[in-house]
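The chain below stands alone, shown as structure tokens; this is the form predicted alone.
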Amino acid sequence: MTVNTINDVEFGEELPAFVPDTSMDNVTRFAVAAGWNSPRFTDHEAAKKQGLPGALVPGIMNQGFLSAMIHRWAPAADVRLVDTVFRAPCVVDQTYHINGVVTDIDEDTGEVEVDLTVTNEAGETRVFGTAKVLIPTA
């Protein structure tokens, strides 16, 4: 269900989950656009030589995926804050699931709090956090 106003939001509601594009092509485009054309993001073997498990999905790209999930659920939302903890790296070319659940609603101000997670195929939480979002009140 698409959220248009605060009246559409339900406590405990799960936002529509999605699987982001973490392919090498997509991550490389992002890294180049961000000015981070580093092998740690664009080359599995070079990243492994740096002691990493493979090329990494940049943290701000993960935050972008989380914000994109919020906007898919509530297109008119104003994402005010995305506060994340990176528990473990997200590796390029692996499958991740972006999830969120509404944990607080202020109907007077339109502020909604959403708990966020990025999990891998094994169900391990790689990134978690909270978003504060303003939803139109009318």
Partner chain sequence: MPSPDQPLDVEALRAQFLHAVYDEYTFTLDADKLADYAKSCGETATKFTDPNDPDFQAPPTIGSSLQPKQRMPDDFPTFKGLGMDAGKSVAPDKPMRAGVPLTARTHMHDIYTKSGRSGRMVFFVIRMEFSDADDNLLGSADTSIVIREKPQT
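In this text the structure is predicted, and so the values were computed from the model without any measurement. Positions refer to the first chain, counted from 1.
The discussion below concerns the form predicted in complex with the partner chain, not included here.
- With the partner omitted here, the residue from 67, 94, 50, 38 that has a non-hydrogen atom within 4.5 angstroms of the partner chain in the predicted complex is 67.
- Of the heavy atoms in residue 103, none are within 4.5 Å of the partner chain in the predicted complex.
- Interface membership of residue 44, defined by any non-hydrogen atom within 4.5 Å of the partner chain in the predicted complex, is ruled out.
- Proximity of residue 99 to the partner chain in the predicted complex: non-hydrogen atoms within 4.5 Å are absent; the residue sits far from the partner.
- Contact between residue 108 and the partner chain in the predicted complex is not found at the 4.5 Å heavy atom cutoff.
- Taking the partner chain as positioned in the predicted complex, the residues of 72-93 that bring a heavy atom within 4.5 Å of it are, in sequence order, 72, 79, 80, 81, 82, 83, 84, 85, 86.
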